[in-house]
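Take a look at this single chain in structure tokens; it is the form predicted alone.
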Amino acid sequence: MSYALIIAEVRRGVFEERNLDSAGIAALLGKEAVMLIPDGAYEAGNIAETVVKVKVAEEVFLNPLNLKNILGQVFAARGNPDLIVFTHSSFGMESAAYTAGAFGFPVVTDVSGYDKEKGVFLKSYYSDKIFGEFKASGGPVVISVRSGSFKEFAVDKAAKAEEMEGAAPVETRTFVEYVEEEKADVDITKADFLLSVGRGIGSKEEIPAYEDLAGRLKAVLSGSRPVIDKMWLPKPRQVGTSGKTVRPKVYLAMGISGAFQHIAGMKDSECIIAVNKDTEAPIFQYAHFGIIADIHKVRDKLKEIVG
């Protein structure tokens, strides 16, 4: 049977939106999708032909050692798939590599595109400046897919529900606890207008001036990873793959070069305005409007305009 096996990402029973990318690449490749989810998961949706609920707890399912045994059961019952798909998350990166090593399958991580004409997976380097092409052979291909790359290809399907018993848990590695992320003073994912700042602002001392501008524009202040790493803004304000994925009506990026991790978190914004003095900044490739100028001067001019 030719099919794509999708390993669902679930947290505390919640079906993660990034699973749409896993389903999307299966649909793009024209593969029948079989999705595995742990017991207790909900909101899986109809994005695969078959959704198989594995009767194990979530923390057991998310353990790569246990997952290897579960996959062995699936292969025995259904035969080997053509494709095994993980999300490109902390769980997916670890589990994709472990699965490939355990079964001797080729692996391509952080897949962000697929060239149907060449039949190759695409992986970007240097902030999307170049793309590597990968064509695997010698068995099922294990991949992890970048969030936001394939969700547009996911379609509603009349999913068939199945259940299967899970293999006995491996006791050499056990789940300890979920660590709660820092509580947010504001949810940037719900903002219609985001003013996002990057390392280009220069220092933490500049943050109040941009907070003031955000207030005048009735925007919410957010930032790129360097700003968060330097503790200029709290973690819940981070946009990007290791932060939040946002889709505001307006995304004003000031002093952000546009690393792919940041782009993945904001590229679906309705209107992207980028301000940067570097004419080669990658973010200009995604912006609807670009301003090549000193961001502080643009900030001050905006304050003058809006009053």
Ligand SMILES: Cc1cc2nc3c(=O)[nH]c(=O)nc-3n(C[C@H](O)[C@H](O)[C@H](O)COP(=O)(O)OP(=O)(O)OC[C@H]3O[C@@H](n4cnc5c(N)ncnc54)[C@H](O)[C@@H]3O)c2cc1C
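Note that the structure is predicted; figures quoted are calculated from it, not measured. For every residue, the number given is its place in the sequence shown, counted from 1. For the two forms, the rigid core is made up of the largest set of C-alpha atoms that agree within 1.5 Å on superposition.
Below, we turn to the form predicted together with this ligand, even though it does not appear here.
Residue-level contacts in the predicted complex: of K55, K68, R247, K277, one residue has a heavy atom within 4.5 Å of this ligand, and it is K277. Shown alone here, G243 lies within 4.5 Å of this ligand in the predicted complex, counting heavy atoms only. Proximity of R199 to this ligand in the predicted complex falls within the 4.5 Å heavy atom cutoff.
Put simply, A281 is close to this ligand in the predicted complex: some heavy atom of it is within 4.5 Å.
Within 4.5 Å of any heavy atom of this ligand in the predicted complex lies no heavy atom of S147.
Comparing 46-54, 60-68, 250-258, 33-41 against this ligand in the predicted complex, the single stretch with non-hydrogen atoms within 4.5 angstroms of it is 250-258. In the predicted complex, just one residue of 86-113 lies within 4.5 Å of this ligand by at least one heavy atom: M93. A movement of the C-alpha atom of I228 reaching 2 angstroms or beyond is seen between this form and the one not shown when the two forms are aligned on their rigid core. A movement of the C-alpha atom of H296 reaching 2 angstroms or beyond is seen between this form and the one not shown when the two forms are aligned on their rigid core.
With the core held fixed, A26 shows a CA shift below 2 Å between this form and the one not shown.
In the predicted complex, the CA atoms of A264 and K118 move farther apart by at least 3 angstroms compared with the shown structure.
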